[in-house]
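In structure tokens, one chain follows: the form predicted on its own.
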């Protein structure tokens, strides 16, 4: 692979993020403890610059690094999800107990390095680039999961995530080796073309099946979801918020891109993965919803909620049309604000009460009505109650499924959404109606950064539901400019 003719304009957003990470890391060594808040501003500014650079290249549709790195409106739109998620997580963690005890510079630079890895993964047009992007994202995530090293749960979370993540990477690499062996190329486009001329149907099915198994680990799809509840519970809450959005988004983008390249080849070999993906989607929605009902720890409950939402997103992949891909983009933006918003409220409550159990949310409405109201908005949106953003996302996903006659997926999606309302209401019930056993409990303090973050996320959760036209246009244009038509 020649690196002489690298198109730096295409990789500019990634370069900005990695430069920001290095600047924060070096500045951490030079700045005194009293001025560490500067690192927070440096991180936010770096992400903001990356957003501006990415927006300027939104209409670009080209490849670089010999086709290994792809830039088009679809990947750029997804990178907005990564960058906005990183911005919100950083914004809400300045005064977090975690970062006050540990090194700010390391924490923010790891978040930026992970964001960089996920951005590379989203633009991967080559098997090697997929693996490199995955590892560049995963290694900082393993460290972040165990970042609160004085906490035994965090240590356990980091080790579990590392071991299972390494195992899934090995599976993914094994599937890639099959695909390369059959097709003789690592470029996704070349592999797709090679499928149309190949007669090795069983080898291709086996290779892609193993590749899919490794990828679904990142997407938190059942039965490769077992790491999610333990990792989310043990990880620092802001880190769990980051995982809930970014890791899942990256996995779905890779699967959508791979299927777009391979679809023609699969059709010529009479291979259809729709049935397998549909079964995985149904299992993921059911397991995420049913097991979530019995949870009493709010972080574990949100972890199972995250699994169920991965099942809803997989419906859009099963549909396989432009409308299905558009619905995934809409859903990801809606999920971004409501998921990070809910985890952010858990961060505040955990800091004030010392835990994330349902009992820690008792009487929250009396201690902080604004915080309880924000949590209610995020939970109702996650349940898909109109006119909030979550309703918009589910509406487009289910509409795309019904349009292509995936009635079973749509029905299971609606039913599990109804059941999920039960466990979201468990939190609402204790916040608003349960009697507080500790009347002397101090009011919940909210830092300025967290306050601004919660206002922004609540605002967009309402705005995307009440006035979705701009988001729908962005989703349609990003898919149309990518796939044509």
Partner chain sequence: MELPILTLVTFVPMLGMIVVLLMSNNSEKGIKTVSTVFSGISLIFSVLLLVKFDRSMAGFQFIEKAPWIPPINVSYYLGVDGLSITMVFLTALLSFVAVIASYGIMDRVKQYFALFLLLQTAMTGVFVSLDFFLFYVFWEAMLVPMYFLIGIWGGPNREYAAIKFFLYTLLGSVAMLLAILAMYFTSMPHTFDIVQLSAAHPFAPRFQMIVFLALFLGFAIKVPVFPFHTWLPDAHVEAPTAISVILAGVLLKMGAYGILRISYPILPDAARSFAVPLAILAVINIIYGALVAMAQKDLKKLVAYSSVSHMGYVLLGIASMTTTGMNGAVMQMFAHGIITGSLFLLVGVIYDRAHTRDIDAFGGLAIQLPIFTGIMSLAVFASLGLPGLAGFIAEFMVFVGAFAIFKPIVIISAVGIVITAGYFLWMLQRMFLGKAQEKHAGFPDLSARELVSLVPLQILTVAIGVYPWPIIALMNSSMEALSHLMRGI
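All figures in this text were calculated on a predicted structure; none of them were measured in a lab. Positions refer to the first chain, counted from 1.
There is also a form predicted in complex with its partner chain; it is not shown, and the following applies to it.
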Honest question, do 213, 226 and 320 all end up within 4.5 Å of its partner chain in the model of the complex by heavy atom distance? no
Proximity to its partner chain in the model of the complex (heavy atom, within 4.5 Å), stretch among 150-158, 270-278, 351-359, 405-413: 405-413
Which of 283, 385, 290, 203 has a heavy atom within 4.5 Å of its partner chain in the model of the complex? 385
Could you work out which of 25, 12, 472, 19 is the residue within 4.5 angstroms of its partner chain in the model of the complex, going by heavy atoms? 472
Does residue 61 reach its partner chain in the model of the complex if we count a contact as any heavy atom within 4.5 Å? no
Against its partner chain in the model of the complex, would residue 429 count as a contact residue? Criterion: heavy atoms within 4.5 Å. yes
Exercise: residue 444 in contact with its partner chain in the model of the complex, heavy atom 4.5 Å: no
Does residue 418 reach its partner chain in the model of the complex, with heavy atoms at most 4.5 Å apart? yes
Any residue of 385-403 with a heavy atom within 4.5 Å of its partner chain in the model of the complex counts; write them all down in order. 385, 386, 387, 391, 392, 395, 396, 398, 399, 402, 403
